[in-house]
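In structure tokens, one chain follows: the form predicted on its own.
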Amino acid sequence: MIKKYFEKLQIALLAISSMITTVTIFLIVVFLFSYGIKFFTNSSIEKGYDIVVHESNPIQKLSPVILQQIFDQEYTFWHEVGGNQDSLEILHFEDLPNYYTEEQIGAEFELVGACITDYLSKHPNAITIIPSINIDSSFKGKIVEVASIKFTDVFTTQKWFPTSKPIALFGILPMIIGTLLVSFGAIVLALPFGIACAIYMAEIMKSRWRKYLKPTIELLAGIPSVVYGFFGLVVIVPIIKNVFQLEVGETALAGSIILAIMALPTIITITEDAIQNVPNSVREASLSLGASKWQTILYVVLPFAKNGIITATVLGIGRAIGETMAVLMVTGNSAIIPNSFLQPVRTIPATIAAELGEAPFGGTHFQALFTLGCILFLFSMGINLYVNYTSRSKN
């Protein structure tokens, strides 16, 4: 009787443990997406500032991208942004002392609203940014509505300026392409070497050597990523710089090589286990039919162990996509769209690690980094779902 109740207690504890784990993971995902979705309800303009124009200006609303382009002087006429045919003039807030005296502005900038009103009356084609606190009843300009951050702008804009004041840009396309490029390069480098090493260990190497080599390879997976990063920075980066005659060696290729080295222990270990689990009777049947050892490995053993090899590939890709410190150290951390593996890049994990500590809690920049985390989560989940579907459909 006691044994029966003890077994029930064990089952209950296992069920509770599974439930707690599932709920915890679910809450983490909910927390991640709750901040990520809020990002698209915000405005790119810094809180406490307003965009103002002359009250006769027909412009009512502008997007953050258009505003940034206006203040970068990429537009010179209002009709280019949906206004009239007049030329476009920009007044920077810090330039006010060039037009008005300290007495006119006020010792604590309390008269800025009146100065802006006066300037707009004389320059009706002007646009400027003014602190919201300086807009009072005496202000005669028109406040331009700034559109909230759009999904399409985020995924198509190529500029990432999250701390630009007072207008920030959150184009995540360079990080997405950088992440995919570095991960793709890592898998292309790691997968052939990893599978070849696993085949050699499982099918060719003598057992007395295998029992020493396999634990050594498994230990490599426990090395901190920052150590790999130092190795890449000191060894791989200078080699790439000298071989390809580059100004800097921190490139996507350096990141791919380091990630490939980091993914190799996982790919080798899991693939070797999968090959070892192939029954000897399968090998013997193939050999008895006249197949050579290599034919048996290629056409019998590897297809039999394909699910394990797919699992190794998925875990290797997951290691490549989610790696942070090593990539941050060797890829140049430049938020540009690369044209080749020989250019600096920035990945999603590296961006989150580099900027999360400096982003104001709950602010737009903070939420943008959570959006990057959501994208990274969807990448990993998509890869796992695809591989699971592929492996099941081929069974």
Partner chain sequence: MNKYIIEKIVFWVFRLMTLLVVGILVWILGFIAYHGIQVLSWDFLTKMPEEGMTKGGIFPAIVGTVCLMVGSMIFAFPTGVMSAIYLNEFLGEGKIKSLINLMTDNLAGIPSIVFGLFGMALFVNKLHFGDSIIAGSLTLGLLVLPIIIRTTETALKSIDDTYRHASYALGASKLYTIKNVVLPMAMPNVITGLILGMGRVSGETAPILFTAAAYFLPQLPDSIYDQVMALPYHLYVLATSGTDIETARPMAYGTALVLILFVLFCNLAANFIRSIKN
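Numbering follows the first chain given and starts at 1. Model, not experiment: these values are computed from the prediction.
In what follows, reference is made to the form predicted together with the partner chain, a form of this protein that is not presented.
A.B. asks: Considering non-hydrogen atoms and a 4.5 Å limit, does the partner chain approach residue 204 in the predicted bound form?
C.D. replies: Because a heavy atom of residue 204 falls inside 4.5 Å of the partner chain in the predicted bound form, the answer is yes.
A.B. asks: Taking the partner chain as it sits in the predicted bound form, is residue 215 near enough to touch it, meaning that at least one heavy atom pair lies within 4.5 angstroms?
C.D. replies: Flag for residue 215 set to yes.
A.B. asks: Test of understanding: in the predicted bound form, would residue 292 fall inside 4.5 Å of the partner chain by heavy atoms?
C.D. replies: Residue 292: yes, in contact with the partner chain in the predicted bound form.
A.B. asks: Hey, in the predicted bound form, does residue 370 get a heavy atom within 4.5 angstroms of the partner chain?
C.D. replies: Residue 370 belongs to the contact set for the partner chain.
A.B. asks: With the partner absent here, would 37, 154 and 341 each sit within 4.5 Å of the partner chain in the predicted bound form, counting heavy atoms only?
C.D. replies: Looking in the predicted bound form, the three residues 37, 154 and 341 all stay beyond 4.5 Å of the partner chain (heavy atoms).
A.B. asks: Since exactly one of 107, 188, 219, 243 fits, which has a heavy atom within 4.5 Å of the partner chain in the predicted bound form?
C.D. replies: Spelling it out, the residue with a heavy atom inside the cut-off is 219.
A.B. asks: Heavy atom within 4.5 Å of the partner chain in the predicted bound form: which of 237, 112, 181, 264?
C.D. replies: So the residue touching the partner chain in the predicted bound form, by this definition, is 264.
A.B. asks: From first to last in sequence, which residues of 180-217 have any non-hydrogen atom within 4.5 angstroms of the partner chain in the predicted bound form?
C.D. replies: Residues within 4.5 Å: 192, 193, 196, 197, 199, 200, 204, 213, 215, 216, 217.
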